[in-house]
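Two versions of one and the same chain are coming, encoded as structure tokens; call them structure 1 and structure 2.
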Structure 1
Amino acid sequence: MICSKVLVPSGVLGLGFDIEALKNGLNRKPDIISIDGGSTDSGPYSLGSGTSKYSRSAIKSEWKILMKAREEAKIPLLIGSSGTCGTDEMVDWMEDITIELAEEMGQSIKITKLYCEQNKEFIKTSFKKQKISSLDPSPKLDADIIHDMSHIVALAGAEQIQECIKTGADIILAGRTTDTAIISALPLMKGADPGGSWHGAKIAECGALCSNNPTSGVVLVEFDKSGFTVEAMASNASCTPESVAAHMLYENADPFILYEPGGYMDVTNANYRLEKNGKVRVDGANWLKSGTYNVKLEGAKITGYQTSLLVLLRDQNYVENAKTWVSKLSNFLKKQIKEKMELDTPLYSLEFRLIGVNGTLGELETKVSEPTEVGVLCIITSKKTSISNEIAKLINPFLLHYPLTDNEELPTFAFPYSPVHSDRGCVYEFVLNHTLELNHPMEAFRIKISEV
């Protein structure tokens, strides 16, 4: 007997999905529509700055389709990790979009919001009480680093999402959640097999990525007492036991174990088989409850302010000797910066990357070949925008004219645009790879309800 059916329109809101496939999914009478709104996948900037990676217009246009679908199907619509990073402000941003759309479409809705951002004092106290444990690898953590973080979020699990579902909301806007919890929460509530609930959630977390047509987006997962069945909703997409099983590999350091708040899932003994009508049946995953209830933390802090420049070398002599040129130039520039700005190297960083030589892999590059041209990307990072921009202006003429040897005519390289320097603003870094032990699941989370 099916305990619950979860419709997942896509791996993330903002990436698009097949409208026909969504209709097919709705015809199957799902109990909830669940979609992810973010991740750390695009780097620390989103969490550091507390902003969405996707454009508001892309989010609004896709959310409108899902809000319409919800109104017609009369089932809850749930988004996790709102606004990419899932900070409190991004939950409110998502609520603004929701209210705007509800007004435009004349919908009356009950909205439940789950806030996941962490107060620094609470995190400091938890750290002192040894409630925070590091994962592998373990970045250094102390009270100063906690103080310096611009945003800290805790990843909500199934328990917090279930609290939101219990409010009877039409729409649930959650802050940072695990990708899986937004899918597993309802089946777990309805008595589905715990191992199967988490496993099915993991398989469907990226939408149709577990099928042979990833861009179609929409998948339906039917959960029951012994496992789950997954099916792609687009007419030109289908799941196979291989495509489903292979999803356990994707973005997972360990293909068998997945840690979640309150325990972990083990799929070592899972079985995948093809059923009729292009469905894949899966069972055999285990859920192992942990002794304490831990949630994962994410945090980012400002590294500095960055300015970049790009110069192109096409002259064959310079292309062949790009590494030597950059090494000589770098030493020369450091002396210039010291002499003219009275600035020593620990106060700024000046990095050159040779695009066309080893720009992507750096010291790991194994291939040696003769490029036609080399792009020299120069990245300056310091504690102030004004310093980084000043360094950029100081080094500009040398990037343009610096000669490889003393006795040659002054060379001039190619600057591809004006101004040559690009002010990249504030840059951030991830500083937490830790978990937080809670006395009860809602200790670090808050729920707010509104009606429009």
Structure 2
Amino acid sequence: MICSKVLVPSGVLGLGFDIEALKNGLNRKPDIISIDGGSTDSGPYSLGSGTSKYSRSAIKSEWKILMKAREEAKIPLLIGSSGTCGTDEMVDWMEDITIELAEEMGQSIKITKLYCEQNKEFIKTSFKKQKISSLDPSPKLDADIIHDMSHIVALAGAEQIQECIKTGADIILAGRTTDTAIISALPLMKGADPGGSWHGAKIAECGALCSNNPTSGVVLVEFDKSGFTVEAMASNASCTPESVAAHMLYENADPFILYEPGGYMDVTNANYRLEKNGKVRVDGANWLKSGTYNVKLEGAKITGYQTSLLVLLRDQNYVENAKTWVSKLSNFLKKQIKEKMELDTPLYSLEFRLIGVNGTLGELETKVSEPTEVGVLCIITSKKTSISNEIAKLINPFLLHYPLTDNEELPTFAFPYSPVHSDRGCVYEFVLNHTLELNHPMEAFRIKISEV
């Protein structure tokens, strides 16, 4: 007996999905539409700045389609990790978009917001009480570091999402959540197998990535008392036991274990069977409840200010000797900065990346090739934006004309734009990879309800 059906339109709002596949999913009478709104994939900037990675226009366009689908199906619409990072401001940002659309489409809706951002004093107190435990790798943590963080969020689990569902909301806008919580919450409420609920949620977290046509987006998961069945909704997509099982490897340190608030899932004994029409049936996962209730914390702080420059080398001699040229140039520039700005290297960093040679891996690159041209990306980081910009202006003429040897005429390289330096502003870093022990699941979370 099916306990609940969850329709997942895509791995993340803003990435797009197949409209026909969405219609196919709605025809299957799902109980809820659940979609993720973000992650830490693109680094700490979104959390540090409290902004969305995706454009507002893209979010609004896709959210409009899902709000229409919700209205047609008369079921809840749920998004987790609103605005990429899930800060309180991004939850309100999603609410603004939702209200705009409701007014444009003439919808009357009940909105429940789940706030996941953490008060610094609460985190400091929890740290002092040894309620915060480090994960691996473990960054240093103390009261001063907590104070310097621009934003701290706790990742909500199924329990917090369930409290939102219980409000009877038409639309749930959640702050930072685990990817799986927004899918597992309803099945768990409806009596589905706990292991199967978390396992099915993990498989469907990225939409059709568990199928042979990942860009189609939409999948439907049917949960019951012994497991789940997953099916891609696009006509040109299907799931296989291999594509489904493989998703346990995605963004997961252990292919058999997945930690969530309140426990962990073990799929060591899971079985994957191909059924008709590209469906895959899965059972055998176990859910093991922990003795304490812990949620993961994420935090970011400003680590400096950055300016970048880009110059292109095309002369064959310089292309072949790009590493030598950069090494010589780097030493020369540091002397110039010391002499003319009276700055030592601890006050700034100067990094070069050779695009087309080793721009991705740096010194770890083992593949040798002969590019036609090389892009030399110079990245300057300092504690003040004025310093990084001043360094960029100082080294500008040398990037344009610095010679490889002492006895040659000054070369001239190519700047792709003017001015060549780009002020990148704040640079953030993640400074929390920890868990927070809670006395009860809602201790670090807040719910707010409104009607439009």
Partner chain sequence: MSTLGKKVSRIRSKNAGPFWITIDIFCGSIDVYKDICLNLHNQKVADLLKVKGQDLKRFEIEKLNVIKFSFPRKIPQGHVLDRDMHGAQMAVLLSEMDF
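Residue numbering: sequential along structure 1, first residue numbered 1. Just so we're clear, the structure is a prediction, and the values are computed from it rather than from any experiment. Between two forms, the rigid core is the largest collection of C-alphas that superpose within 1.5 Å.
- Structure 1 is taken from the form predicted together with the partner chain, while structure 2 is not.
- The two forms, fitted on the rigid core, differ between structure 1 and structure 2 by 2 Å or more at the CA of residue 316.
- Put the two forms on the same core and the Cα of residue 426 is off by less than 2 Å between structure 1 and structure 2.
- Once you line up the core between structure 1 and structure 2, the Cα of residue 404 ends up 2 Å or more from where it was.
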